[in-house]
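In the form predicted on its own, a lone chain appears below as structure tokens.
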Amino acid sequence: MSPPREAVPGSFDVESLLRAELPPAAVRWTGFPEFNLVGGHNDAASVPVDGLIEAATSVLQREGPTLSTYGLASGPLGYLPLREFIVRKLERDAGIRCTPDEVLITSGSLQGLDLVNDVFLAPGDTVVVEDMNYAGSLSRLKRCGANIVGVPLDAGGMRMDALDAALADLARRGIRPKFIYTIPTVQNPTATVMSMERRVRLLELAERYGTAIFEDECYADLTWDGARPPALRGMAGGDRVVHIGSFSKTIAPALRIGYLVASWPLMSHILALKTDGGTGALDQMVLAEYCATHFDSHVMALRATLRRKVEVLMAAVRDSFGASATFSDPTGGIFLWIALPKPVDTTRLAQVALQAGVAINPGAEWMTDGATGRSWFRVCFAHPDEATMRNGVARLAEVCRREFGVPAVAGGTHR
């Protein structure tokens, strides 16, 4: 046994007491880079500041005294008028019929992910996911000790032939996955929308193999034409599908308001794990007041803004990278998912580009197989203005050409 370290006067080695296997320590924040093309930030000019101020004044004058209690006299599920709005909206837009007691307000959709994982998963349990996927979901599943099985997707969403094969293989080995996690509408990072035929097939496969479905619909309101396929929970009914959504991408990320939909037998277990004293009450009150009369018109305008901005981004990528970069025109959302030629390692590219003031999300963080994702990267087009996107992409291309020889010449033109 080694002797204890000699103490330095005035210091305390707290790190020697921390538990093993913590995630990597956070880096001290020093501000956004010059060209910030990462994260789930949204268009600053589209935040409905005046409407939120009006809503805050109105609801506080009317119901301010309820802030004196946990739960705003609405109980632990969250502010009742907000849950009632979500019930109406989900039935109209997604075909989900539920009651306010089947809706839980969460601190962003990330808390919803944590709660569902906590109620379903123990170390060693198996989860099936799309192989290109939200990095926040993948990191949380890894932290739970889950066995993650990736299923490929294409322009129509998760491939059902591959899902069937994966589930059959697991069944042969005596493994029953706890759930299939999917982002069916405006998938992150690919922005694909799962076809109706595949939604039907997914429900059939889940029933055949006796597993649940965890449906993440955080971007479903942001299809360019406003058309949204019925949610899997709306198609299935009952407890097989747990549904989460968010107001982060439609109103403002900093509000941190998401929601989870589950029937009461499951909800009762989920609610027992939500021990935070309640999601931010004032945020819920203001959001409910604003959304009751302004949500639809606000989102319609936001879609038009985001569509215009992604067109600027796609043009910038074509101008700077030429044929070296490939991508699909997204169906909605706030991200463009881009592939570069195989010699490019986007993890290395992201590190070097950040030193030059450009932040991107490397693809290895967004795939179940990091090696496969090494040539992909994700760009958020919602927050940067048009000049920032054009200049940021041009600088990224300069860095990429210097490090990897891609594109071959400035402007993306090949000899």
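Residue numbers run from 1 along the displayed sequence. Please read these numbers as outputs of a predicted model, since none were measured by experiment.
Note that the form predicted together with another copy of the chain isn't included here; everything after this is about it.
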### Query
Considering 319, 345, 296, 239, which brings a non-hydrogen atom within 4.5 Å of another copy of the chain in the model of the complex?
239
### Query
Which pick from 339, 282, 135, 315 sits with a heavy atom within 4.5 Å of another copy of the chain in the model of the complex?
282
#### Entry: Residue contact check: residue 228 to another copy of the chain in the model of the complex, 4.5 Å heavy atom
no
### Message
Can you work out whether residue 224 and another copy of the chain are in contact in the model of the complex, taking contact to mean some heavy atom pair no more than 4.5 Å apart?
### Response
no
### 4.5 Å heavy atom contact, residue 140 to another copy of the chain in the model of the complex
yes
### Task
Indicate whether another copy of the chain has at least one heavy atom within 4.5 Å of a heavy atom of residue 220 in the model of the complex.
no
### Message
Looking at heavy atoms inside 4.5 Å, which stretch does another copy of the chain contact in the model of the complex, given the options 303 to 311, 102 to 110, 155 to 163, 324 to 332?
### Response
102 to 110
### Query
Quick one: which residues from 220 to 257 get a non-hydrogen atom within 4.5 Å of another copy of the chain in the model of the complex?
239, 240, 248, 249, 252, 253, 254, 255, 256
